[in-house]
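As a starting point, one isolated chain is supplied in structure tokens, in the form predicted alone.
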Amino acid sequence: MPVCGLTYRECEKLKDLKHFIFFEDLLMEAHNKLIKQAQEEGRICVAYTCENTPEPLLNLPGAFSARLRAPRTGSMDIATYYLTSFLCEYSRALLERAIEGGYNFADCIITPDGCSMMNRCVENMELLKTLGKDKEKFFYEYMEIPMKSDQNGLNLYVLQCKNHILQPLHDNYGLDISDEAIRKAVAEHNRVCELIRAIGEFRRGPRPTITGYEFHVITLATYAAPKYLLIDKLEETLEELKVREPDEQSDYRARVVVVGSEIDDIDFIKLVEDSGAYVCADRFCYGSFPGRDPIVLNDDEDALTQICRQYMQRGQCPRYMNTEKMLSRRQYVAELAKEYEADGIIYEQMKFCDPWAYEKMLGSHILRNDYGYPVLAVDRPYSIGTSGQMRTRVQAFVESIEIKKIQGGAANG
């Protein structure tokens, strides 16, 4: 077995993407080589935990963002002691890794109240003094974010970003938080988004030239490593894909959209595709929809307000509970499935994730009954590994889609 963990046949298919193994290697450790390089260059590492934290504000000149992950997680016994076994494994995995000293590279951590579980996770990091060792300027910040997408919610969002992102970064590390500096960070953010979007276009059609696994690895790297150090490699990857030849015959038997809570475990997408389902679009935390939507700025309003408005309006997190947002979440998935010609939808949820548990239950029902898509709804652990049960369920779902194509009717997960 090659070092990359793929079969020789898979490595042969990947050989023309010269940076792919580099991207994959970045995801093996939270403290990856590009984080080390950026800090050696004097930049501040701003760690964060949730997609509701506006990334450009963490990437001001002199700083870079790193969304916390816990790759290759094993036992979570210590974190479970502090958080109980009824909290999602993502929050427990992060606390376990923090207790192990895995996030000591961070210069600060900023987390929103996306859910009570993540709040408890980071609060325990602070109480147990797991981060910031030997860093005099290290700080924790907790943001309150809106639950409704309206003007009051926007006012709250802007104020929270000022008080818990911009001002602490300026006061502790002297970062420039001017409108000009924010716009510069947005420009860099948008370049990464444009490249990820362009790379993702190669997932279209009956003979895609990039696998869902490859795309997930590349996209995930842009969350886990400094963006400015990835741009040249993303540009080269895009050029390689323009001349890459697709397989003469696809190994995939169905095209699916994967929807739901955070997925930073690259093995999950690989398992889905090894089971015969090509992941043609991704609506999950750490994904490209809507996480890699460019931010459009005008000169008529300050950049901070525009950033917060776009994060709030485009956000697909079930934290937003006004009726319009709830209805639009299912419509958004249905439109993705239609645009990318998906045969079905896999609706996943981290086990014990409260916000996504309700959303998965209702969303999978509506997408199946109102929009007519076959839907597989699954609970999953943080690290999927080679789960035989999950593989069997995905394989059965693929077979049900094939039967539907032949006989008609709905396929149920």
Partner chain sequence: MAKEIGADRLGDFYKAGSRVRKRREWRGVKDTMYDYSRWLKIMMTLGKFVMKPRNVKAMLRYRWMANYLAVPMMVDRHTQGLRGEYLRMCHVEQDLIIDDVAKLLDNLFRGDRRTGNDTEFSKKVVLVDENEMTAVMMGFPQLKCLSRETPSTYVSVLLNQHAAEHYLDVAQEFGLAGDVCPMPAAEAGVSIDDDAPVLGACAIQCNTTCDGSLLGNGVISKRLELEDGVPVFQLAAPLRHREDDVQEYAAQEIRNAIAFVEKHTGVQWDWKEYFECAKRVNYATKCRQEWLDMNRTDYPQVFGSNLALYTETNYMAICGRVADFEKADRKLSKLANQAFAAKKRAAKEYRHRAIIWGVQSHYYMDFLVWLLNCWGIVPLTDMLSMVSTKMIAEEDTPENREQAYYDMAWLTENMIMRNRTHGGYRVLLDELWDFTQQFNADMVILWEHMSCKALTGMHGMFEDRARELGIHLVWVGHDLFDPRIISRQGVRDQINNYMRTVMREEPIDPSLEVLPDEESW
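Numbering follows the first chain given and starts at 1. This is a predicted model, so every value here is computed, not measured.
Another form exists, predicted together with its partner chain; not displayed. Remarks below refer to it.
Its partner chain contact at Arg319 in the predicted bound form, heavy atom, 4.5 Å = Yes, Arg319 is a contact residue.
With a 4.5 Å heavy atom cut-off, would you call Leu87 a contact of its partner chain in the predicted bound form?
-> Yes - in the predicted bound form, heavy atoms of Leu87 and its partner chain come within 4.5 Å of each other.
Should Leu362 be classed as touching its partner chain in the predicted bound form when contacts are defined as heavy atoms within 4.5 Å?
-> Close contact exists here: in the predicted bound form, Leu362 approaches its partner chain to within 4.5 Å, heavy atoms only.
Report whether the minimum heavy atom distance between Asn152 and its partner chain in the predicted bound form is within 4.5 Å.
-> Asn152: contacts its partner chain in the predicted bound form.
Pick from 102-110, 323-331, 260-268, 166-174: which stretch has a heavy atom within 4.5 Å of its partner chain in the predicted bound form?
-> Heavy atoms within 4.5 Å of its partner chain in the predicted bound form occur in 323-331.
All of Thr211, Tyr223 and Tyr252 within 4.5 Å of its partner chain in the predicted bound form, heavy atom check = Heavy-atom distance to its partner chain in the predicted bound form: none of the three under 4.5 Å.
Taking 4.5 Å between heavy atoms as the contact cutoff, choose which of Ala357, Ile44, Leu27, Ile384 touches its partner chain in the predicted bound form.
-> It is Ala357.
Though its partner chain is not shown, can you say which of Asn190, Ser275, Asn124, Gln310 has a heavy atom within 4.5 Å of it in the predicted bound form?
-> Looking at the other structure, the residue within range turns out to be Asn124.
Stretch 147-161: residues contacting its partner chain in the predicted bound form, 4.5 Å heavy atom cut-off = Contacting residues: Met147, Lys148, Asp150, Asn152, Gly153, Leu156, Leu159, Gln160.
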